[in-house]
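Only one chain comes next, encoded as structure tokens, the form predicted alone.
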């Protein structure tokens, strides 16, 4: 290092900008740790703990780690703590006992080279364009309602943020937007894109989102055929796995994804700080 550099100043600077990690010292033996990344979106700041962001010998260790960290997170302006936990009941219970609620599930599956199922008569599938944006937002609202989020309960800032997020997603050249039409009207959609490299996910994974079918066209095999087409394209582009997420409160989604072949891997929990 440059001899003129103030080492203490550099150390303290890193300490102030880095998200801290806590460890539980049991008389010289590490009995647990907790790390949380503070992330801000358009509405609030939250803390996120990944699958390997926490370890603990027992529930008491976790409780003390959370208590210590929460005090600092509140001072720094965080409003909620999200945790990705392995989907094992015993692991989940450690968090729910501390007041955390299950929010969503991440599921994964191996892509199959079987023949895609055909759409019912009168339906067709194509790639979406920006001309479909308004209809895509309408269908997104249908998905929100199925997950317990009413459009009228969202603030203007939240609605605008959702629109901008969808526009950014569709503008990504690696994103594929699929729409199903009936009588020249879009009645279903899904979006796929390469899952970013991250802990807890396989390499060569295709992420699936925005999956929704207009309620008047559900239970006709539209969703299965649409996903089969999207995954066949994914296989052709070198993807070997797929993953998606669904809300715990959306029982229909839970039944659909597990019947399609997705295996739950992680559960996301949340607690208001």
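Remember, predicted model here, so these are calculated numbers, not experimental data. Residue numbers count along the first chain shown, from 1.
The next section is about a form of this same protein that is not shown, the form predicted together with a small molecule.
*Asks:* What is the one choice in 170, 98, 143, 137 with a heavy atom within 4.5 Å of the small molecule in the model of the complex?
*Replies:* Partner contact (heavy atom, 4.5 Å) among the options: 143.
*Asks:* Can you work out which of 224, 63, 70, 55 has a heavy atom no more than 4.5 Å from the small molecule in the model of the complex?
*Replies:* Selected residue: 224.
*Asks:* Look at the candidate spot formed by 202, 205 and 265 and say whether the small molecule comes within 4.5 Å of a heavy atom in all three of them in the model of the complex.
*Replies:* No: none of 202, 205 and 265 comes within 4.5 Å of the small molecule in the model of the complex.
*Asks:* Can you work out whether residue 259 and the small molecule are in contact in the model of the complex, taking contact to mean some heavy atom pair no more than 4.5 Å apart?
*Replies:* Yes, contact at 4.5 Å.
*Asks:* Even though the small molecule is not shown here, does residue 147 get within 4.5 Å of it in the model of the complex, heavy atoms only?
*Replies:* Yes, contact at 4.5 Å.
*Asks:* With heavy atoms only and a cut-off of 4.5 Å, decide whether residue 218 touches the small molecule in the model of the complex.
*Replies:* Judged by the heavy-atom cut-off of 4.5 Å, residue 218 is in contact with the small molecule in the model of the complex.
*Asks:* Check residue 246 for me: does it contact the small molecule in the model of the complex (non-hydrogen atoms, 4.5 angstroms)?
*Replies:* Residue-level check for residue 246: yes, a contact with the small molecule.
*Asks:* Want to guess which of 209 to 217, 29 to 37, 228 to 236, 43 to 51 is within 4.5 Å of the small molecule in the model of the complex, heavy atoms only?
*Replies:* Heavy-atom contact with the partner occurs in 209 to 217.
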